[in-house]
Ligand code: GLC
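Single chain ahead, written as structure tokens, the form predicted on its own.
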Amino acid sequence: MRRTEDKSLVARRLAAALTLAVGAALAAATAAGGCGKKDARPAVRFLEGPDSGGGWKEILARFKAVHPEIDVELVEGPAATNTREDMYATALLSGDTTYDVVYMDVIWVPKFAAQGWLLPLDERLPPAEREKFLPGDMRGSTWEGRVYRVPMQSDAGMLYYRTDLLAEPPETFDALVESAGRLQQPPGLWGFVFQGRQYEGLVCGFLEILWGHGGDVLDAQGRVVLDSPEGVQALTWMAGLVKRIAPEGVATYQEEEARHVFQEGHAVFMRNWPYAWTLAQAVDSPVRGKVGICPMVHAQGRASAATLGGWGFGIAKKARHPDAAWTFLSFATQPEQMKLLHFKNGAIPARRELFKDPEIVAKSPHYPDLYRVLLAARPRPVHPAYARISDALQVHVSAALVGTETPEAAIRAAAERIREAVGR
């Protein structure tokens, strides 16, 4: 645990240093370009990861052609999401105005909004406009009844299966175990692989199993309800997969380890994110043309749920040019720009209509199935203390997977830690 805390501290110090360096560089550039005079032209900046496909640069060029009076600058930061979160938090906490627009992971919204770092967008984004986005993405953009984020790209966990080994995917937990056990031939072919390492991906997978059993972490009033019979049932089922239909090494898997096992033809089922579908269809993929996707399975009488991921735009409370910031983010989140980012950077659009777009479906024929998954997507526990909630789940769900805690003890311990985090 101490090593984890040290790494987190180092990451925060690095993020703070990067934020100060970026802010100083931008301030110096502004001063040099303006000869010390305040520039009358509105300029807005936002921080994102590396623009690997060039989609953002093209969106900015399109915007400039339509709005030459507004300058928009993309600051390409580190690929690590948590480092960018710390960079934003450092700037926003100090009152620095480096970033007018905040490009947020869905799990940042409650923390940033509760700190008073964001402008509410309810009046700028009326209900009729919100309906055009995927429902889970809008729920994840809302904190205490107010909208603080406009979705740009979506993401959700789902179940992959081998279409050459079974005609129809399972719908329930029992059916998945039965099919996996019947078809597997370990060690060459395992039944199921997923993200079992102690990190955020483990939490995402566990939540889908928890929700599929009818359980939850917090109820509508914010009370901790994890230590319910459904919570114990969910973790008991998940821990029971190891060595039964999943390899023992699954407790060390992240997304890529699971994908490699599945894509090399060594698993019947896989829990993963949408990005894996395109890679599985590569020319040299052993499972090319043999992969289907569907919502994660659920208990009898319950419903499937997918853990929501994704990104969207907010406006900093102390933005220098909030109206210019809104002009840009409302342009960037239109269908044409989402479509461009899809083709250039592989981003999944957050607008409903694009899942029926002929050009997108022609390139990505799995999108109608992906739409079913995304309609069932749910945000992770929406709370400013989500980082501590996640840490408690990571520690104890992992302990149950490797057998150092029973599922019952792990659920009780996680629930107690979460109560301490959110306040009883």
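The structure displayed is predicted, hence computed values, not measured ones. One rule holds for the numbers: they count along the sequence shown, beginning at 1.
Heads up, the form predicted in complex with alpha-D-glucopyranose (GLC) isn't pictured, but that's what we're talking about next.
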Exercise. Verify the contact flag for residue 155: yes if a non-hydrogen atom of it lies within 4.5 Å of a non-hydrogen atom of alpha-D-glucopyranose (GLC) in the model of the complex, no if not.
Key: yes
Quiz item: Taking the shortest heavy atom distance, is residue 309 within 4.5 Å of alpha-D-glucopyranose (GLC) in the model of the complex?
Solution: yes
Exercise. Answer for residue 106 alone: is it within 4.5 Å of alpha-D-glucopyranose (GLC) in the model of the complex, judged on heavy atom distances?
Key: yes
Quiz item: Can residue 237 be called a contact residue for alpha-D-glucopyranose (GLC) in the model of the complex at 4.5 Å between heavy atoms?
Solution: no
Quiz item: Each of 73, 325 and 330 near alpha-D-glucopyranose (GLC) in the model of the complex, meaning some heavy atom within 4.5 Å?
Solution: no
Exercise. Specify the contacting stretch among 335-343, 195-203, 166-174, 294-302, defined as having any heavy atom within 4.5 Å of alpha-D-glucopyranose (GLC) in the model of the complex.
Key: 195-203
Quiz item: Though alpha-D-glucopyranose (GLC) is not shown, can you say which of 255, 216, 96, 86 has a heavy atom within 4.5 Å of it in the model of the complex?
Solution: 255
Self-check item: Contact assignment for alpha-D-glucopyranose (GLC) in the model of the complex, among 115, 185, 278, 81, heavy atom within 4.5 Å
Solution: 81
Exercise. Would you mind telling me if residue 195 and residue 83 are closer or farther apart in the model of the complex than in the shown form, C-alpha to C-alpha, with a 3 Å or larger change?
Key: closer
